Every structure is written in C-alpha cells, then in structure tokens.
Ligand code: ASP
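In structure tokens, the next block holds one chain alone, the form predicted on its own.
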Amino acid sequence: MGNKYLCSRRNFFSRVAYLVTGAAVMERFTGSLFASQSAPVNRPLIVTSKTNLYVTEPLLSAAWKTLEEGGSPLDAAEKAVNISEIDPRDPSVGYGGLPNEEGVLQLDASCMDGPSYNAGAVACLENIKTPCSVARLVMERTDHLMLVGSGALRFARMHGFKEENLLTEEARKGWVAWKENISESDYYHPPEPKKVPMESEGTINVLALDAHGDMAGVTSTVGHKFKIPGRVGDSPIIGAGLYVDNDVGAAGSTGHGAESIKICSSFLVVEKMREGMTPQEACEYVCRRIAEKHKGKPMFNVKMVALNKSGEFGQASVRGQIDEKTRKLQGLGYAVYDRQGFRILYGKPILPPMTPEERGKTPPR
C-alpha cells in the first residue's frame, strides 16, 4: 500500500515537471517564432513634434528619466509637455505664448492613456500655466472627457492650480505690434520701423512608449496666434490632435487644426497602422489625403508624428521647407529619444512650401 502510494506521488510530480518543462519550451519556441516574424523592438521611445533645441532636448531627457525611474508613459509625456508649457521662450505653448486678438491666452490641451484607453481635455483655459495637467485630472477625476472656458478654470482652481498672468512682456509687445499693423485705416499708429510679431513653431505633441509596450500621448497649445476668442483647434480633440490605441500605436497632429479635425487625422494614422502601414507610411498617407482634399494646393500646413507598439516612428507634413544650407526640400523636423539618445530628424513633405505669392493670397494658418 505504501509503495503504491509512493509510486503514485512520484508519478504525479514527474508529470507536473514534464508539463512545466514542456510549457517553458513551448513559451521559448513561440516567443522566438513571434520575434522572427516581427520588426526589431525599439523601446522605450519618446517622440515629439518640437524641434527648437533649447527646450526639446531637456524635455525629452526629463521624459526619458521618468520612464527609467518607473514612471508610466503618461507621466513621461506630461512631464515633457509641462517643461514646454512653463518655458516663456516658446510662443506657441502655455506661458509666454502669443495671445488671441484681445490679448488673452486661451489654452487647449489633451492627454490619452493607452493601458486604460481613457482621455481628458481642456479648451479655452485661461490663467493656468500647465493645461495638460488639468486635462489629465479631467481624465482621472471626472466622468467627462473635456471641460472648457470658465468651467475648466473652476475645475483647475478646485484642484489647487494657481491662476497666473500668462502674457509675458515680449508676447504683449508682439500682440500690440500685430494690432497696430492690421490696417492703415484704423486708429492705431505703429512706431517706425514696424515691428514684426514673433513667429511661433506650433503646438507640442509628445508620444511615449515604455519597455512593456504601453503608450500615452499629450498635446498642448495656445492655438493660432491672435485667434478669435473662443476658437478651439484640434489639440484638445481626441482623434484629431491626439489618439492612442495601446494595441497599435499613437499619433499626434500640429499645424492647421481645422483640417486635422475634418479628417480625424490622428485616429486615421493609427487606423492605417492597424491595417499594416508603418508610422511613416501612415503619416504620409494622411498628409497626402489632406492635400488631395484641397486639389493639391492647400494654403496651410499640417504635420503628423506617430509611433507604433514595436517602437517604429515617423513624421510627415503637408508642406515642406527648404534647407538653408543645401537649398533642398526637406520635411518639418521632429525629435526622438531612445536607447541611441536624443536626435532631431526630418520627415517627408508631400508638397513644397508655399510661395510668397501664395502666402499673400491667404490669411496665416
């Protein structure tokens, strides 16, 4: 009886050991098979639409450090965008940005978290330096997706955000110069020589991918400089200025927001990646489609950036730019931080930049 019981126990543990060993072998086999059929994995990875070197390298370095210390992709993207939002040297994002036509900064921002498939946004938010952080709280602390205007400001104050004057002296001077030079028949008299308002690079979008393949994205902007009060662009609209699908990839849009909204640009980039396109191919597809909708002669620009779950990335723009040194056409810049470090790259333009004659026929966008 005892020997029979002992034999049964030995047989049982032998079977368990066989099954465990077999499962491990199968896992190694299927894992290697999957790896052989997929692209090399490049993660963690951070991509941003920003290329002004004085702020881009520090913000991506901070995001990379956040991931290294165990932070989530959303933590990393928010950290990066916050750096841009509080930097007064950037006239297109947050503090120091160029105001609307009444001299008031109204900020838009959004965030989307891949693992939870949740999102938050704010629009026309005044007096708060870091609108993307308010957007994150909308996502995490409410059952809503977007808050706007005075409601967004009250929500921010409720959560401890301090109201501040976001109009810097340089931005104020740029706004005044714009008002004084709008028309020669109004009642403003500009000084001589005329001061040209500051140029802005555009919205910031940051996409982050961690070592496990989880993704998140954050977008923030002041919108068009000297815009009509109350105007909302694509940046706070999920699917237009930002979209993240944790199973596929993430995309963000900058440039003329109305066109991104009409075509659901970021969502479309991710869907094209779902169908098998690389991030670069998907960005080019969307920019080409936008150009085609305007008969090949769009009088504006849109730039798309994207990454997928494997850590491939890409960028394309509707209009390109001429390199000052080579005089050759190149895409608008974007920046990447991965295990190779920080670098600025150039995507593919669908069309050359507008000519001076074309610029004279259309309002700035």
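Between two forms, the rigid core is the largest collection of C-alphas that superpose within 1.5 Å. Residue indices: 1-based, along the sequence shown. This structure is a prediction, so every number in the text was calculated from the model and none was measured.
There is another form of the same protein, the form predicted together with aspartic acid (ASP); it is not shown, and what comes next is about it.
Relative to aspartic acid (ASP) in the predicted complex, residues Gly249, Pro279 and Lys309 are all farther than 4.5 Å at every heavy atom.
Only one of 230-238, 286-294, 171-179, 263-271 places residue heavy atoms within 4.5 angstroms of aspartic acid (ASP) in the predicted complex, namely 230-238. Between aspartic acid (ASP) and the residues Gly114, Pro99, Gly255, Gly120, the one pair within 4.5 Å by heavy atoms in the predicted complex involves Gly255.
A residue is said to contact a partner when one of its heavy atoms sits within 4.5 Å of a partner heavy atom; His224 meets this definition for aspartic acid (ASP) in the predicted complex. Under a 4.5 angstroms non-hydrogen atom cutoff, aspartic acid (ASP) in the predicted complex has Thr203 among its neighbouring residues. Using a 4.5 Å cut-off on any heavy atom, none of the residues of 154-168 reaches aspartic acid (ASP) in the predicted complex. After superposition on the rigid core, displacement of the C-alpha of Gln330 between the shown form and the other one amounts to 2 Å or more. In this overlay on the rigid core, Ser61 has a C-alpha that sits less than 2 Å away from its partner position between the shown form and the other one. Shown here is a form in which the CA atoms of Gln321 and Leu98 lie at least 3 Å farther apart than they do in the predicted complex.
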